[in-house]
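So this first bit is one chain, no partners, the form predicted alone, shown in structure tokens.
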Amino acid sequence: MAENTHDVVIIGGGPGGYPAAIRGAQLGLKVAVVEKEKLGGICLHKGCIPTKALLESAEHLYHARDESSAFGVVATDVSFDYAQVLNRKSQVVAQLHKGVQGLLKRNKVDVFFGTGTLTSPQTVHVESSAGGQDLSADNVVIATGSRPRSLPGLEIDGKAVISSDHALELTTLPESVIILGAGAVGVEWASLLHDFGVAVTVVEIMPTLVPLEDKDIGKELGRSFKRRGITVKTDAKLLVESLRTNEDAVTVDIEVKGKQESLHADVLLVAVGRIGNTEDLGLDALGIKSEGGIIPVDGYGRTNVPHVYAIGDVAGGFLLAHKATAEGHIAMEHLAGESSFPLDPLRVPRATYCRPEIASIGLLEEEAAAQGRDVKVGRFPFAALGKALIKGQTEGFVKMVCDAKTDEILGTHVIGPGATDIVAEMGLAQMLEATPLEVGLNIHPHPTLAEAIMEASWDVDRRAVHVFRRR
């Protein structure tokens, strides 16, 4: 017999699950969250927050050690205390964790700690060390997140071969690391470890870094990494069978354009993507479709089985916390009978927090062309922007992709200082279907990094005044 009847039971209290629970409570629903580990999920405890806290410390070190003299600030004998770096990271995580717990409590969301399994489309069995219990609900939302994946035959042992989860647990830094995979996770770790003085080699099988981003962005990041002294191996396939490890070293061969070479380091960090946590949910028994850790859903988060929704990483698409949060809002409003708009993947901004930062939204230039669009592009380099010069961060550019016939903004791609903040303007612009001219007519404060957005929008029709274009 099911106990504790609720309107909604959410399996997973991460960046999809807990905001969905709060939104449900705001809508007057009786909501329960089932969490296996800690509220806040991967984002708060193993992803967004702790890694960005480490990146912030790494960038402080970089600026003090390598840049301050150019600003007339003399900092001698600059060093760092990694134990304090980790302590600060933990403090940030703990404060936010406490905040999440408080928000759920104040919104009267019932929280059950344990492993949740669907026993029917409207019943969840929760198993914990204290025993088991069943929760019934009108609807169930699956928000169980994802975990690092590996390659066939490549065992992540947590010692010589580690995942990003293991990297967060390191109490001392290695002298050298090979990072396999140059997506968002790989390049973020490459950037921060290099700033801490670790010798970094990045191995990527695709021709450019961040291969899911605009090719120009990937090329620019590759040039930046090489200038910093990070070794970049693109078009490079790791030969898994060549891997040799002992307690304090890794040797592995890679194949680059038909030629083999050996790489040596203290640690191999595997960053080749993530896989959704769909095991042990009871999906097969209920006929809920899933494949490779992904549960197919519609724009409202509905699975193929009535009363069962899925949001966040297990629902596929971009594995991003803010996408999970948006999906949680949409699913809750939909199941509550509120009018809501389905998720549009082209309105999900992507953010990569390496140095320089990367952010984008909408179509890549090649994707737009493949759709048969007549594409026109505006670009503006940060090297021509006053605020970037003031900050001493002139790498990168803004690239805006538009439809030449309709003036529709199809995508915006940024690499440079403040990229992850200033891209938000383009999310609003695209949602409101603004044209490049309208973005340009929006008066931007000076001097700011956001002026690069304005200049790129003007450049779409060659109106930009701070960059010369031959007529």
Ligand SMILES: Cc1cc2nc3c(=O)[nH]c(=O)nc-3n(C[C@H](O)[C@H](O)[C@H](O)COP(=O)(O)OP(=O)(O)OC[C@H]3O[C@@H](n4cnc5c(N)ncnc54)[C@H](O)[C@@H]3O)c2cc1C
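Counting begins at 1, following the sequence as shown. Fair warning: this is a prediction, and the values are worked out from it, not measured in the lab.
Another form, the form predicted together with the ligand, is not on view; read the next lines as being about it.
- Contact check at 4.5 Å (heavy atoms) against the ligand in the predicted bound form: all three of G13, R274 and L320 pass.
- In plain terms, the part of the chain that comes close to the ligand in the predicted bound form, with a heavy atom within 4.5 Å, is 143-151 out of 359-367, 143-151, 251-259, 373-381.
- For the options I409, I42, A419, A32, the residue carrying a heavy atom within 4.5 angstroms of the ligand in the predicted bound form is I42.
- A heavy atom within 4.5 Å of the ligand in the predicted bound form is found for exactly one of G181, G396, G116, G301: G116.
- Although the partner is absent here, T51 lies within 4.5 Å of the ligand in the predicted bound form, judged by heavy atoms.
- Using a 4.5 angstroms threshold between heavy atoms, A160 stays clear of the ligand in the predicted bound form.
- Remark: H63 does not count among the residues lining the ligand in the predicted bound form, judged by a heavy atom distance of 4.5 Å or less.
- In the predicted bound form, the ligand sits within 4.5 Å of a heavy atom belonging to G17.
- Of all the residues from 338-355, the single one having a non-hydrogen atom no more than 4.5 Å from the ligand in the predicted bound form is Y353.
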